[in-house]
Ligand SMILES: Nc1ncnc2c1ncn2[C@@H]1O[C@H](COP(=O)(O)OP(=O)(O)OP(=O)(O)O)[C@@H](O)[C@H]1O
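First comes one chain, alone, set out as structure tokens in the form predicted on its own.
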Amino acid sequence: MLQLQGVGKTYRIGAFGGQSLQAVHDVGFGVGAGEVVSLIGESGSGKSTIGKMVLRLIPASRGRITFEDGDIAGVRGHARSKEYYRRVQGVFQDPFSCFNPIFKADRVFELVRAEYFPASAAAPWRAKVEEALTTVGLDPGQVLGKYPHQLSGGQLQRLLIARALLLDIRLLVADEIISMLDASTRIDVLNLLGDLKARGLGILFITHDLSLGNYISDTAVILRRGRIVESGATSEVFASPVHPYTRRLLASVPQLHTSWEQAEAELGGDGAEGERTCPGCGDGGRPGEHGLVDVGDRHAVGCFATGAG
């Protein structure tokens, strides 16, 4: 459904744009219908930049992004953009920033109606909105007619997902959508994403939280400094990490049964990037110059001989 091939993004920075910063390097992966793919990485790894390119909020500098066999770079003009956003929607980290505080929260539904369903009568439209709200676990009577400050972050986040469901969406880009929510609400939103996945929705789940990526995703893509360092079936990547950076990430997760001294010793052992032989370089590749190398079924790893990955 969604495919990225050799995608890169370079920003012009400095005075008068005289310098450049390459935020994303040669990224490639896919998201299928009914599949959750997690982009996992620390701040500055390029994961949100990838999400913005998929949503056409910023253009890719190189490479190709296709959705349902059509190159999204060719989506130009109001009509074609409107059709694209009928099928691809995004939900972001801070739900409060997505609502105008002087309007009632359900105004977001009226905006969708005005743009995509202008001929819809009031009664059928309200029934459609209430069905979408029920799908995301909200009681229409408790959220409709309320201002954003009268609702919780979890309720607002679900309102945004319900707004997306009013359209014929096939792909949802979820960018850190639960990082600002409390623990009890997080699991509710994650379970909601699981329900949407079961209905055939493809989800690009962007997160810095390893546990969330492990819980929700079918495929994990680990990013570092704008490059994919490891990707594959989530169970395989988490159970048998190959790249030292992935191993460091997993080793750094706090565990109740492990003391700080033990954790630091394990982290130091797994973190030495020169300790293991890079699979690609071992086959004659030059350090930092080869791409992802298959190390198992649906499991690939980038170069780490020089820390370039």
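Because the structure is predicted, anything quoted here is derived from the model rather than measured. From 1 onward, residues are counted along the sequence shown.
Separately, the form predicted in complex with this ligand exists; it is not shown, and the next lines address it.
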property: Triple contact flag V129, G145 and A162 to this ligand in the predicted bound form, non-hydrogen atom at 4.5 angstroms; result: no
property: Close approach of T49 to this ligand in the predicted bound form, 4.5 Å, heavy atom; result: yes
property: 4.5 Å heavy atom contact, V293 and this ligand in the predicted bound form; result: no
property: Heavy atom of S38 within 4.5 Å of this ligand in the predicted bound form; result: no
property: 4.5 Å heavy atom contact, G32 and this ligand in the predicted bound form; result: no
property: Contact assignment for this ligand in the predicted bound form, among E176, E236, D106, D218, heavy atom within 4.5 Å; result: E176
property: Residues of stretch 33 to 48 in contact with this ligand in the predicted bound form (4.5 Å, non-hydrogen atom); result: E42, S43, G44, S45, G46, K47, S48
